[in-house]
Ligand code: GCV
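As a starting point, one isolated chain is supplied in structure tokens, in the form predicted alone.
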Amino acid sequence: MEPDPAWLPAAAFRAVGSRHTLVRGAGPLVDTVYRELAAACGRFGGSVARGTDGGPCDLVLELGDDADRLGDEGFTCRREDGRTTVSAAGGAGLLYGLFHVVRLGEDAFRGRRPRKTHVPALALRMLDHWDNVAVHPVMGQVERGYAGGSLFWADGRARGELERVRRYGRLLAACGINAVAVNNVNVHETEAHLLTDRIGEVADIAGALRPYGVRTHLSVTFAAPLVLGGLPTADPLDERVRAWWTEATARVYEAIPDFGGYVVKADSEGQPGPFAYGRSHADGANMLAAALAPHGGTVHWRAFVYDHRQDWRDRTTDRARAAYDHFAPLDGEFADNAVLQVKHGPMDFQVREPVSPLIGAMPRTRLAVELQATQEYTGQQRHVCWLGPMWSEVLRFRPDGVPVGGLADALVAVSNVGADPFWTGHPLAQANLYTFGRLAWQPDADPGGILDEWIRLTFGPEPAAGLRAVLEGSWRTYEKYTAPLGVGFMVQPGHHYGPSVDGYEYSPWGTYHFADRDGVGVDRSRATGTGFAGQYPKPWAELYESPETCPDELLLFFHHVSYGHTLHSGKTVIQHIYDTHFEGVEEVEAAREVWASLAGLVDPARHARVAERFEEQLRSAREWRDQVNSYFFRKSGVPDAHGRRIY
């Protein structure tokens, strides 16, 4: 099957492809703009010229605007005297300006449009691919990937045919993403060699992405001097180690002059790191930053560091505290080209978590906020779960007066794309990728507007109302039929799909709900619990400290309460659990019916794939409902107030 064109079907280019267009300027990305327009005009009957104005035209894309104001990626757009003009200071800005006009469609050529400036709020908008070069015996080719094999790797080597990678770069540029890490943050032996003797394969991938302004990054192992260099140590303060990284990095830039930098997972879940040598995370990150600095590169050092061998009987150890405890004391110690990459929540991409207190606690450190587009804990792209509202809540959260979107230097997401013909396995999961890119460009953008934009570009106007009904409430629907009130997890161990209420309850991973006959939830208060609530500044610390003030949706994350505890909604905890789990299944049933009604308005292959996924989502939602409700009925002994069947 031909890969689905996602939000760039040919029809999206009709408005620009039927016009007379002029492109002014030179450079590789300007060449990309010209090729895009030439292809569109060839399909829809317009024309495109380069250079000086040769006559009347409807659309002008030109270099030469204010570089100090726009940078390389910003652009302006205006329409006056019957002509639409996009101006930029750099080729990337011109490319983004073209896709802006494509999004506007016919509206770009109607009436008068005053000059408006568009500059990305975040300079780095990045996807991390958790792709393995070789098929890992436990993790497969793509760890936590739900869209088939890797776009980049097959049979232990880089894919020889790079046209799909080039098309992927085009998709990313169309929603504003400008960087990609091409391999798993868990760097295994095969992937380690990408840094040295296999860097040519990475260079080929970088060459396919470069025409769309997408820079390539590489995940590396902290132990590379040991694994690859034959050194007896990887101590970041050892001069031999520092020299090895300097030389290895210089060779990377010889192969990839516009290389973005490294992504590192260290001292986490078994990955090697500076702790082995009595050094800090700042020591480790700064060593790599020093090797990258002469070339303009950046190291992304992940803050996902915690004890994954804890004793479930010990309630004083709290995984949620770990990132703050490890990194907040290091504020101001990281190099200027070291970016601390922090998961948006303190645990692990659950359907509901508070925003990590580490975001906002390190004003002298560059931060990247990490999201997860691949739906590891939100249905694994077998369930419809549009994450735009959740991400928007995170980016608008104000830890100490400034929204998260204003505190971050970068926004990063774990990619949800693979070799599947529909790119994301579930065709509607493409909305998450598009939404991530648009929010990374403008963190305070209305996610509902972005959803409408994606629907219109991908499906056209006819099925828009039905698609919005299916997608806009899907995150909260998923939350309803899975883990309640922020408690998290309750998933099958290992693969994390489907319910297992006690699956991790007695494990070493630190993911507990502590349900007993009297109540449920984790006491993270300062007064009687782990003290996690105290990691937040005022007023959040006070808000989360008490069950009386804590938001309902996070109650069980912060507090252990009785089943009869009354929520702000007026319901008891146990009745909330029952009601939401029944409601969640009913909402999936309704969404399935809406999707079925769109059969004549959506491409048959796409419609069939989504319909198939809805059957699985409904089966799984019923399983979640019955297991969770039955578990808590048996724990609490409290019947459902509405007399519904609970097993």
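One-based numbering along the sequence shown. Computed from a predicted model, the values in this text were never measured in an experiment.
The same protein also has a form predicted together with this ligand, omitted here; what follows describes it.
So which of 423-431, 286-294, 545-553, 184-192 is the stretch with heavy atoms within 4.5 Å of this ligand in the predicted complex?
Within 4.5 Å of the partner lies stretch 184-192.
Let me know the one among 334, 212, 441, 377 whose heavy atoms come within 4.5 Å of this ligand in the predicted complex, would you?
Only one option qualifies, and that one is 377.
Interface residue in the predicted complex among 348, 73, 267, 318, criterion: non-hydrogen atom within 4.5 angstroms of this ligand:
Contact with this ligand in the predicted complex is made by 348 alone.
Closest heavy atom of residue 524 to this ligand in the predicted complex, within 4.5 Å or not?
So residue 524 does not count as contacting this ligand.
Just to confirm, residue 304 within 4.5 Å of this ligand in the predicted complex by heavy atoms?
Yes, contact at 4.5 Å.
Looking at the partner-bound form in the predicted complex, is residue 472 within 4.5 Å of this ligand by any heavy atom?
Contact check for residue 472: no, nothing within 4.5 Å of this ligand in the predicted complex.
Does this ligand come within 4.5 Å of any heavy atom of residue 143 in the predicted complex?
It does: once this ligand is placed as it appears in the predicted complex, residue 143 has a heavy atom within 4.5 Å of it.
Relative to this ligand in the predicted complex, which residues of 110-138 have a heavy atom no more than 4.5 Å away?
Sequence-ordered list has one entry, 130.
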